[in-house]
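Only one chain is shown below, in C-alpha cells, and it's the form predicted alone.
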C-alpha cells in the first residue's frame, strides 16, 4: 500500500515537473517570438532610411529626408563620457572600500551595512526619479545660487565674453563691448568704437532721428539712427562653465552617473568577491599590507569582472531617455552643435522619443532607423563585455 502511494506521488511529481518545464519553455518561446517580431518590424520600417548622410546630418524641422542623427551621436557620446568619468572611478572605489576595508568597530559596521543596504535599494529605483534628483541637484543646485531666470546670465561663470550687437542702416551687424551683462538692451545715442564681421574696428556714426538715409553704401554700413537698441550676445569658449549647470550636457552626464553608480558598485563588489581568499592569505603571509594586497593581488584578479560590469552599466546609460528628458529637455538639434559642456545637446534616446511622437509620419521611419543604430551600439558594448569575460575565464583555465 505504501509503495502504491509513493509511486503515485512520484508520478504526480514527474507530471508537475514536466508541466512546469513545458510552461517555462512556452513562455520563453513567446518572449523570443515577440522580440523577433519587434526587431523585424523595426528593420522593415527603418532600413530604407539608413544611409551615410543619416549618420552625420542634423535634425531639420519638417524635412525628414534631410534629417539625421549626427548631433545625437556626438551628444550621446559626450554625455556618456561625462557619466563614465564620474561614475566608474567613484563606483569602483566605493566597491573596493566596502569589500576590502570592512570596519571592526560595532558602530562602523552598522554604518557599513546601512550603506550597503541603500546601495542595493538604489539599484532598483526608476531612472525618472534620478532625473528629478538631477534637476534639483545639478540644474538648480538646490537653489543655493538664487532663483534661475530664463535668458538671464549666471552670476558665476567663466569662459564667456558678452558684447552688444546692432544692425547698421546698411544691414551689417557690428559689435561693441558690454559693461553690464545683465542689461539685455543698450540704447545707442552717441558714437562708439565697434567691430564688424570682418574684424575691422571703426567709429559708429549716430545720425539724428528722422534724418535721411545716407546715399553712400560705405557710410550706411557704418551708421545707425539715434535711439536704436543694441541686443546683448555672447561668445563662449570651449572651457565655458557656470554655476548652477542649468540644462546642459554636464548636468545630464552627472545625472546618468547617479543612475548607473549603484550598478557599477554592485558589479564591482561581485567581481571582488570572486577573487579566492587564498590569494589574499598568501599575500598577507608574505608580509604585504592591506593596501598592497588590494592593489597588487585583488584588483588585477578582479579587473575582468569589473570591466564587464562597467561596460554593461555604460550600455544602460547610453539607452536612458527619461533622466535626460528631465534634465536637459527634448532637444532635437542645436545651431552651433556641442561647443562646450554648458550647451544643451540631442541624444539618441531622446531623438528616438521625439521622432516617434512627431505628427509627420516620415519621422517614424527615422525613429526606427535611429533605434537600429542604438541597438548596434548596445550590441557592440555587450559583445565586448562577453569577450572580456570569456578571455578572463580562458586565462584562468
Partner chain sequence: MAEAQLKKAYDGQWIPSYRLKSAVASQRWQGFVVAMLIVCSTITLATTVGIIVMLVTNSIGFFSSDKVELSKFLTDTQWTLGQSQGEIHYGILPLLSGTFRITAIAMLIAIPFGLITAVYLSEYASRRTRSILKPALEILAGVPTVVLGYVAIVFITPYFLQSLDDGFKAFNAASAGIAVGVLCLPLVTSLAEDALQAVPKTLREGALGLGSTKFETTMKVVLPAALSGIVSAFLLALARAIGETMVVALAAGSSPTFSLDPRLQSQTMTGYIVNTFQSDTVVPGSIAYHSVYAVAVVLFLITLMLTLLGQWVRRRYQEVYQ
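The term rigid core refers to the most C-alpha atoms you can superpose between the two forms while keeping them within 1.5 Å. Numbering follows the first chain given and starts at 1. The shown structure was predicted, so the numbers you read here are calculated from the model rather than taken from an experiment.
Separately, the form predicted in complex with its partner chain exists; it is not shown, and the next lines address it.
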{"query": "Close approach of residue 325 to its partner chain in the predicted complex, 4.5 Å, heavy atom", "finding": "yes"}
{"query": "4.5 Å heavy atom contact, residue 236 to its partner chain in the predicted complex", "finding": "no"}
{"query": "Contact test in the predicted complex: residue 185 vs its partner chain, heavy atoms, 4.5 Å", "finding": "no"}
{"query": "Partner contact for residue 59 in the predicted complex: its partner chain, 4.5 angstroms, heavy atom", "finding": "no"}
{"query": "In the predicted complex, segment of 197-205, 218-226, 174-182, 112-120 with a heavy atom within 4.5 Å of its partner chain", "finding": "112-120"}
{"query": "The unique member of 74, 160, 96, 250 whose heavy atoms fall within 4.5 Å of its partner chain in the predicted complex", "finding": "96"}
{"query": "Residues within 4.5 Å of its partner chain in the predicted complex, restricted to 119-145 and counted by heavy atom", "finding": "119, 120, 121, 122, 124, 125, 126, 128, 129, 130, 132, 133, 135, 136, 140, 142"}
{"query": "Rigid core fit then residue 376 CA moved by 2 Å or more between this form and the one not shown", "finding": "no"}
